[in-house]
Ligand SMILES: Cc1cc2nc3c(=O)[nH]c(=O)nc-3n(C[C@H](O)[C@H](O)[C@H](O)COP(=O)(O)OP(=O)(O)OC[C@H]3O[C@@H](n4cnc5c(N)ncnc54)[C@H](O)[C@@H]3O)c2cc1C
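Next comes just one chain, in structure tokens: the form predicted on its own.
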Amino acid sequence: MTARDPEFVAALRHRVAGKVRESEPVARFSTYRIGGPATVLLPARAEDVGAALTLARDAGVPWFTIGLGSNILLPDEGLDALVIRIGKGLDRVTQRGESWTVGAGLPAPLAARRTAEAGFGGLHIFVGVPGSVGGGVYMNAGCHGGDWAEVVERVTVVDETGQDTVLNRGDIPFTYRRSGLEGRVVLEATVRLRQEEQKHLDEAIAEMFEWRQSGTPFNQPCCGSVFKNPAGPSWKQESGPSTAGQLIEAAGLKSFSVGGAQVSPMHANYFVNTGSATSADVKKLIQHVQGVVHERFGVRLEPEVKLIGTRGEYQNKE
């Protein structure tokens, strides 16, 4: 059975309070604006997620969660997996001193602004990142020298048995761009932030937002950074190109295109959808760039973008 099966869809609608959409183009939930049809659940509450996971397990149906859809490339043919779109209904924000609990469905830029406007720093670095809190924690997203692992105190997750579990920071094996939370769905995260001068936070947010607008293809469909920087956050060498973007640019690949997918003329580690890009186009572009950079510099770039298969599986598992 797949999530497209009418019997499964009927059973799902019976169990959840949220909306269930059939043959929904998942491109609309992706910052790349790429992806075919799927059965999509829009949970109205956290309990909907556990109920859907349990039903999927019992029916042998694969599942896949999505937030704002950044850092992923969805398949052109759509998904046989149930797509659980974490958004409204799981976006609450509460504060207790320096600890803030933020729902997985809250957009990270909104979390950044809300906490910064209250005089707290730590999440403010995510002001220009087009992702959700849940996706950020799950992928340990990072930017401007920081990541989610630096601020997380505990995370509430649910597994396919429908069981909620609260994991403390020490129980989560965070590494560079990974959390180790595979097989579970993030429902909310509690982070410890630091009080800072409002003027400093306002200036930092304005500077980072301006960098995003002027230094990245801010208003074009893309996934964010396509490749991890070599050897983790930085590649130790004395001179020459070091980041993924610098290596791609030095290889002369800015503006190079495959079909509707293009290496951004603005930032070489961003591949943009110029309007007609398919998942196949992006994959071919990734392979071409990897090949040229490896030939020129002896460096094998590793994708940061997650390539998703029709059953919701990560095709570039580490």
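Heads up: residue numbers just count along the shown sequence, starting at 1. Predicted model only: the values in this text are computed from it and were never measured.
The same protein also has a form predicted together with this ligand, omitted here; what follows describes it.
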Select from the listed residues Ile248, Ala189, Leu79, Ile86 the one whose heavy atoms reach within 4.5 Å of this ligand in the predicted bound form. Ile86
Of the residues Gly162, Gly121, Pro241, Pro130, which one places a heavy atom within 4.5 Å of this ligand in the predicted bound form? Pro130
Want to guess which of 290 to 298, 19 to 27, 303 to 311, 5 to 13 is within 4.5 Å of this ligand in the predicted bound form, heavy atoms only? 303 to 311
Examine Gly35 and determine whether its closest non-hydrogen atom to this ligand in the predicted bound form is within 4.5 angstroms. no
In the predicted bound form, Thr101 touching this ligand (heavy atom, 4.5 Å): no
This ligand contact in the predicted bound form: Thr65, any heavy atom under 4.5 Å: yes
Do Leu167 and this ligand share at least one heavy atom pair within 4.5 Å in the predicted bound form? no
Which residues from 164 to 183 come close to this ligand in the predicted bound form, meaning a heavy atom within 4.5 Å? Arg177
